[in-house]
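We begin with a single chain expressed as C-alpha cells, specifically the form predicted alone.
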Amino acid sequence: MSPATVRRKRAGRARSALLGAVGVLVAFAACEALGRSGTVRSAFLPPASEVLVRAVELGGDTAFLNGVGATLQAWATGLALACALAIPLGLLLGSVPAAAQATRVLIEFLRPVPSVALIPLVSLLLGAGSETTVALVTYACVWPVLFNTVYGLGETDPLAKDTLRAFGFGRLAVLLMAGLPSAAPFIAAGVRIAAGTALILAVAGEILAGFGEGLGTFIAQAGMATDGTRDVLAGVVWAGALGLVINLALTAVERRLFPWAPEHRGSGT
C-alpha cells in the first residue's frame, strides 16, 4: 500500500476520533445545560459535571472497584466459555456441510431468542448469582463468534485447499493450515462484537438480580435510594467507559495480529 494511502487512512481515523470527541462534548454540554437550567429536575437529571465528579470519586471506592472486578470476572468467564464452545463448533459446521444441515433448524430456532428473555428461567435454575450472569453472557456471545467462524471458513481460498489436498494432506490438516488462518480475522471480529454484548448482559443480569457484588448491583441499589440518580448515572459512565476501553483494546489486538485484513491495511502499526 502506497504511503499516500496510509496517510489518508490515518487522517480518516484522526478525523473520526475528533468527531467522536466533539459529539461527546456536545452531549456533555447539553446535559449540563439541562441540569443547571432547571428545565429538568436535578433529581432526575443532575448536571453532567456532578455525575462526572461522582464517577471519579467512585474510582477511589474499594467496595465499588471490587464490584467492577466481579462484573469483569463474569464478563471474561462468559466470553471465554462462549469462545471455547463457538469456535470449535463453527469450524465443524463450516467444514462439514452435513453437520451444518443437521443443526440448521436448531440454530435458527435458538438464535432469535434474546438473552434477556432467559433471565427468569436461568435465575430459577441457577439462582440469582454469578452463575446466572455467566450463563447469560455465554449464551449471548456464542452467536457472533459462531457465525463469524463459519463465514470466515467460507472465505478460505479454494486454491490453497486444493494445493494442500494435492500434496496429500487430509481434511483436518487442510482445516488447520488453510481454513483456520483464513477465518482468524473473522473470529477476532466476532469476539470483539461479543465482548460488547457480554458486558451489557453482565451488567443487566446484575441489575435484575439486585443483590450480590457487581457494577449492575451498584446501579440497581443506587436506583432504589431516595437521591440515587447521580450514583446511577455515574455507574452508567463506568459501564460505558469499560465498554469503550474493551473495544479499543480488542481493535488494537486485531490490528496487530491481522494487519493483512482489509480493514487494517495501512494502519501503521
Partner chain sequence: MTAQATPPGAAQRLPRTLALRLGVPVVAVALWQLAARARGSVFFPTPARIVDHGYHLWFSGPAERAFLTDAAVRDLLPSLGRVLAGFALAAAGGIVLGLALGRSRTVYALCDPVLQFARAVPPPALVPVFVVVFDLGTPMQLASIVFGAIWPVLINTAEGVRGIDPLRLDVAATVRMRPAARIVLLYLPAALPRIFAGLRLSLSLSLILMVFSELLPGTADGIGFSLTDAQTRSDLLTVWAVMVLLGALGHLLNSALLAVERLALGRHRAAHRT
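What we label the rigid core is the largest C-alpha set whose atoms superpose within 1.5 Å from one form to the other. Owing to the predicted nature of the structure, the values given are computational and were not obtained by experimental measurement. Numbering follows the first chain given and starts at 1.
Just so you know, the form predicted together with the partner chain exists too; it's not on screen, but the next bit is about it.
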For this session: Classify residue 30 as contacting or not contacting the partner chain in the predicted complex by the rule of any non-hydrogen atom within 4.5 angstroms, answering yes or no.
Result: no
Give a yes or no for residue 150: in the predicted complex, does one of its heavy atoms lie within 4.5 Å of a heavy atom belonging to the partner chain?
yes
Check: Within a 4.5 Å heavy atom cut-off, is residue 19 in contact with the partner chain in the predicted complex?
Finding: yes
field: the partner chain contact at residue 159 in the predicted complex, heavy atom, 4.5 Å
entry: no
Assert contact residue (the partner chain, in the predicted complex, non-hydrogen atom within 4.5 Å, options 34, 53, 200, 65) equals 200
Residue within 4.5 Å of the partner chain in the predicted complex by heavy atom, from 85, 116, 72, 184, is 116
Applying a 4.5 angstroms cut-off on non-hydrogen atoms, the residues of 111 to 126 near the partner chain in the predicted complex are 111, 112, 113, 114, 115, 116, 117, 118, 120, 121, 123, 124, 125
Review point. Rigid core fitted, is the C-alpha displacement of residue 252 between the shown form and the other one 2 Å or more?
Key: no
